[in-house]
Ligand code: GAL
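Take a look at this single chain, the form predicted alone, given in structure tokens.
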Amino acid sequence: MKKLVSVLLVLSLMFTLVACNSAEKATSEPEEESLKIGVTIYKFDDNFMSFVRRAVEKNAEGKAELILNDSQNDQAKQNDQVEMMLSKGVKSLAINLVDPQAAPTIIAKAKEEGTPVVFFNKEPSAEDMASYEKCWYVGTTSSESGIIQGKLIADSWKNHPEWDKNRDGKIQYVLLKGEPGHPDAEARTKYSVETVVSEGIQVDELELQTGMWDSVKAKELMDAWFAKHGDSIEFVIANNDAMALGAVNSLKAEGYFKEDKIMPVVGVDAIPDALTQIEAGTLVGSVLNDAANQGKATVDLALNVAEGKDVLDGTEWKLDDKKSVRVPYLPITNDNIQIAKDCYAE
């Protein structure tokens, strides 16, 4: 009996020591809480933004916990998502706005909590950006994509005089515009055509309507335009590749891209599906909107400010006078298509 009591006392002492050691370890070495960054994307099923989202997730892996939200093109929903993320104690926000005019609402919510904000892809106004010191932007220079696209149109037109079907020396074009009021849509629409004209080419606008960045809507518009104008259309200009691809699908149904029946179509973004069509000869070209680097820059900045570091610490990015990182555009044709392919390589 004495032996049994002794054994029990020893076991009890060992348990007490282990428990004390565990408690001491838990006290001296608390488990590190993961860094939380709140992210919203205006619409997950937007072709281009899906690639930006992948880049955001890839670059945050192992560095931060992302609270990632699909705002479903609903600004009210996005506002609620921001409130939810702030209530969960995110250390920074990365926001792809549904509506750029809603930036003051987002900024006010973040400012109240002292939480830094990195907007990306849809740019707030300079006034909004200046209203909060912990506010930055990652994106592009909107006019640049329109200028590059316009140069691409002009160069290809000059190299293919046979595209001038009625031999009047003018481009009879239709234009698929993105979301009205979106800085990229407005700039691409304006500067693409202005650049063509600056290259000494006259133009006639047959149609200009919004396809809302969407392939299906763009196909419907192209169907209607072809029914109205037929072969008098000489060029299709699209603010993004999704709409360009919708136009291509419509034109294929009309017998284009077979034998010598060609309709020049250009887009912007240089997404993988567009690259396939460039190689097939059904797209003249596109303008690379670098999703990989936009996603990387967004995460780089959001991580830095979440950790209380300088926004550019340890990065290669530079800020302009509007507190913005500008990722450059690049024209893409079959001649340099590998550059765009490399952007999507895993």
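Note that the structure is a prediction, hence the values are computed from the model and not measured. Numbering starts at 1 and follows the sequence shown.
Only in words, not in the display: the form predicted in complex with ligand GAL, which the text now covers.
**Student:** Using heavy atoms only and a 4.5 Å cut-off, decide whether all three of Lys36, Asn59 and Thr298 touch ligand GAL in the predicted bound form.
**Tutor:** No.
**Student:** Contact between Leu66 and ligand GAL in the predicted bound form at 4.5 Å, heavy atoms?
**Tutor:** Close contact is absent here: in the predicted bound form, Leu66 is far from ligand GAL, nothing within 4.5 Å, heavy atoms only.
**Student:** So in the predicted bound form, is ligand GAL close enough to Trp213 to count as touching (4.5 Å, heavy atoms)?
**Tutor:** Trp213 belongs to the contact set for ligand GAL.
**Student:** Within a 4.5 Å heavy atom cut-off, is Asn121 in contact with ligand GAL in the predicted bound form?
**Tutor:** Looking in the predicted bound form, residue contacts with ligand GAL include Asn121, since a heavy atom lies within 4.5 Å.
**Student:** His182 versus ligand GAL, in the predicted bound form: is there a non-hydrogen atom within 4.5 Å?
**Tutor:** Yes, His182 lies within 4.5 Å of ligand GAL in the predicted bound form.
**Student:** Please identify, from 274-282, 45-53, 66-74, 301-309, the stretch that has a heavy atom within 4.5 Å of ligand GAL in the predicted bound form.
**Tutor:** Selected range: 45-53.
**Student:** Between 234-273 and ligand GAL in the predicted bound form, list the residues on our side with a heavy atom within 4.5 Å.
**Tutor:** Sequence-ordered list: Asn240, Asp269.
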